[in-house]
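Taking the form predicted on its own, here's one chain by itself in structure tokens.
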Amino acid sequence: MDLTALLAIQVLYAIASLALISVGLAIIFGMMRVINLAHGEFLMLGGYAAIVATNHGISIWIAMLVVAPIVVGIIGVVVERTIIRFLYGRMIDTMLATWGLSLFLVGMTTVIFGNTTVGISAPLGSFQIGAYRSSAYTLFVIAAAVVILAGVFAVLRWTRLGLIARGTMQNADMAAALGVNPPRVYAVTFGIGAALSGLAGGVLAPVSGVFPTIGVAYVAKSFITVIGGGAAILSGTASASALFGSINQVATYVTTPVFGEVALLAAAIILIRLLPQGITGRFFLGGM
């Protein structure tokens, strides 16, 4: 029973981790239809921002929850204004541009921080379930994922900002006719997606550590999750995270982490083969 409870917590943690690293991409790719191959580097920058801020005496909680999303959100707005805004509707060009941005960010962080893993100690200590102990920080990651998904849902569904963003993404010309400034909405939306990525990178930094090429592992899982979720941005991301996270963690427990990653990829291939439009594609044409 104790082992079962611990495994359940680890499964929830795997689900929460996938949801965290994917929610920013769900905004940028799901709403804006921008294939951002630098998404993993946004996560990486969030981790570095949290670590640098902590090393300079800032509380780890402020570093993870405030500094990381603000820094990466600002970077996201700059990227949208200087690169992405000229490439809307040009999918191949966007992919090439963001791939080049990814290489640039990896090179820049390697020059600044070196090619070694850096990290910060996870706060909150540990808790015990029978004969087993686990980090209490895993519970915080689970709670953070729930709060972030609920917060994004609330903003998109019940606020003026969310209404304007959804309306602009669906019909920019009509939004402009009603007095909305679509370029500004695009910049804000891209910045929010980047900020969510930075927040995820900061939250996961104490668990995984950070190094310049960590984004490669993040971006693959993020795209698999968002595409597997389908058209409904948040419910699709949450459902795909639940499916892939459970498969990954159970396979890891039964075998090894390597086979856990293989199982996740195999599950994604089977899912997309059976449901080309994703988990929610049969039930929603868009929305959340």
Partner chain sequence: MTINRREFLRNSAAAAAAATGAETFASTAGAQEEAINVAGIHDLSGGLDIYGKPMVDALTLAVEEANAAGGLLGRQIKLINYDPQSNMQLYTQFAQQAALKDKVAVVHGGITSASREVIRPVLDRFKTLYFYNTQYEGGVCDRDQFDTGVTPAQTVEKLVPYAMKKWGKKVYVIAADYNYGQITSQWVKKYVTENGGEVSSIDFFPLDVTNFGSTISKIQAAKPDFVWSALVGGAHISFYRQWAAAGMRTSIPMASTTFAVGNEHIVLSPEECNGMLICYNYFQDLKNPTNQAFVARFLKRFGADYPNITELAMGTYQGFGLWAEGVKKAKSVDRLKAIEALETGIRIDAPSGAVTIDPPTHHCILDVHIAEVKDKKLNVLEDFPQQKPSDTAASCNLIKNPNDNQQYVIKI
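Numbering follows the first chain given and starts at 1. This is a predicted model, so every value here is computed, not measured.
Beyond what is shown, the protein has a form predicted in complex with its partner chain; the following relates to that form.
Contact with its partner chain in the model of the complex, defined as a heavy atom within 4.5 Å, holds for exactly one of T117, Q170, N181, T159, namely T117.
The closest heavy atom approach of S239 to its partner chain in the model of the complex falls outside 4.5 Å. Among heavy atoms of Q10, some come within 4.5 Å of its partner chain in the model of the complex. Under a 4.5 angstroms non-hydrogen atom cutoff, its partner chain in the model of the complex has A131 among its neighbouring residues. Proximity of S235 to its partner chain in the model of the complex: non-hydrogen atoms within 4.5 Å are absent; the residue sits far from the partner.
With the partner left out here, its partner chain still marks one of 173 to 181, 92 to 100, 140 to 148, 202 to 210 in the model of the complex; by a 4.5 Å heavy atom cut-off that stretch is 202 to 210. Residues are counted as partner-facing when one of their heavy atoms sits within 4.5 Å of its partner chain in the model of the complex; in 238 to 270 these are Q249, T252, Y253, T255, P257, V258, in sequence order.
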